[in-house]
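A single chain comes next, written as structure tokens; it is the form predicted alone.
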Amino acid sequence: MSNEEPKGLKAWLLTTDHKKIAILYLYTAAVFFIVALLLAVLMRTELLTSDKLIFGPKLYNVFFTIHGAAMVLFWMIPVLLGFFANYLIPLMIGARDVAFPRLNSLSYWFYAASGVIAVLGLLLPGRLDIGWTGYPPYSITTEANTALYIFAVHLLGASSIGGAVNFITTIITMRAPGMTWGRLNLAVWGFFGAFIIQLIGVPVLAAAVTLLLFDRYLGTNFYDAAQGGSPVLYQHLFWFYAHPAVYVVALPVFGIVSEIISTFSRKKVFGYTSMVVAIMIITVLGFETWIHHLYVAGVANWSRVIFMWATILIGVPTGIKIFNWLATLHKGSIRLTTPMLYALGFISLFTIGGVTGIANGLLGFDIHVHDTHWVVAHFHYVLALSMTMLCIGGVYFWFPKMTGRMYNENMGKLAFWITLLGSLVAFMPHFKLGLDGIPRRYWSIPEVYSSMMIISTIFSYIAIAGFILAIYNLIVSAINGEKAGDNPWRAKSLEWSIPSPPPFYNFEKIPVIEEGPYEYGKPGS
């Protein structure tokens, strides 16, 4: 087998190597993440006063639309299912590449193109102001370029479906000899569940926006209530995918947390089987919770009650994970490295978001706080802040493997504490705003709440500064960091058994697996 890896710009642009495609996903997703952060700064600044401070309602809606889309669709999902899944799955299962390398490359370019089209919504005439959800009837009647939004969603959907087919096939058919289902990393299980959700849910979202396209430009009436259509139909179709999309992000994150905590506790993950079962239960139940987004939309009372119980029930497998992580930490030889701190920070933020999520699922309570700032706070704790924090922690964890270099530990820890401080406080005032009935998505907040909004904005700035410092640390360390060994963490997972960075063929000889990835023995070993 040739040991010569293709070099140069052309090799990157035309690559089918899963590791290079993963790095392309990371760089591209990081650009959209920075765009989302800059828009967040502008929106938070506008909310400092009840009057127009910078740009007013029209541009606020445009910035809100692109910020939401960039964070959820072009940062969190791609960095997890594009970067982490691409880089780790073949290495963790003992494969030389993915099942369909060319499809893998095509999926990346579809994703990159859809992101560029979405950002053009900031620049082209008819700027997108319909929110990342694209709700009718406004998305049908507005002068905004709804077609741009729909085209971006379709391209991104094609990327997601291609990735799902590719990696589900890879996990099922390309595991090394001895790599049984019971020996898979929990990260692989998390990716597996997420790709199942993508494969089932994305076509439904594609159908929803296609009907929106027909209504907007061809004169059909699927969502036009005045002509006998129903805008609630769009909400059903949209949230059938968009709520499980939360678990598209969460399931891989749960696996990554497990990898980090096991490694830096020097212990086998507590309750491996229950963790796997919980992942797959969430994969199924994720499709049984979408109606809690429609409690106030006029749906039948019996369906609201059924979906309230389904929403509460999904908290059980999620709670199992938190319990198992804490049990793994118990009496472990804990090393508070930067990745470990980010994992623990994630657990803190996610628990706040998860507990408030159970409250959201309760029918009587949700009707009171629906579409208020309570939901803003819950969403950021359970997804935007916690998941982003863990994504950065995951990059730190596998940074030596990807680059062959170590990051600056002191700067990494400083960035973490800045991020955690800002994240813990930034959205706490929004719970109070929500309980008082202040609606979300508004560009102006009543003056009586200005002190709360000032606190929220200041700590949002602090959290954003922490994220930017973490990115700066990773960039500088990739260039000038100290050389790392092949396995600086003494981890047991298969990807740490090969050189750092991995050769382009991954494994010179396909390994034979004789034990699982968490066999640390006694703590301290």
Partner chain sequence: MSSENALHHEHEHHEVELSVWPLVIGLASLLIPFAFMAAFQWSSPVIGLLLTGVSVVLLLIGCFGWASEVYSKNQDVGLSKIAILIFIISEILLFGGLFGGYFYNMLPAEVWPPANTPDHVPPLGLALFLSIFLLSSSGTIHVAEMKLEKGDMGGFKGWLCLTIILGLLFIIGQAKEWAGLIGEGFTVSTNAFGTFFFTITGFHGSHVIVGLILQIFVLLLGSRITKKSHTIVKATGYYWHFVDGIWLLVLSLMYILPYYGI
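Since this is a predicted model, take the numbers as computed values, not measurements. Numbering follows the first chain given and starts at 1.
There is also a form predicted together with its partner chain; it is not shown, and the following applies to it.
Contact here is defined as any heavy atom lying within 4.5 Å of its partner chain in the predicted bound form, and by that definition each of Leu148, Thr220 and Phe504 is a contact residue.
Note on contacts: among Thr141, Ser348, Ser303, Ser230, the single residue with a heavy atom within 4.5 Å of its partner chain in the predicted bound form is Ser230.
None of Lys268, His380, Arg96, His370 but one reaches within 4.5 angstroms of its partner chain in the predicted bound form through a heavy atom, and that residue is Arg96. Heavy atoms within 4.5 Å of its partner chain in the predicted bound form belong, among the stretches 380-388, 204-212, 305-313, 443-451, to residues of 204-212. For Ile161, a non-hydrogen atom is located within 4.5 Å of its partner chain in the predicted bound form, even though that partner is not displayed. Contact annotation for Ser105: at least one heavy atom lies within 4.5 Å of its partner chain in the predicted bound form. Interface membership of His236, defined by any non-hydrogen atom within 4.5 Å of its partner chain in the predicted bound form, is confirmed. Its partner chain in the predicted bound form is not approached by Leu424, whose heavy atoms all lie more than 4.5 angstroms from it. In the predicted bound form, its partner chain lies beyond 4.5 angstroms of every heavy atom of every residue of 286-306.
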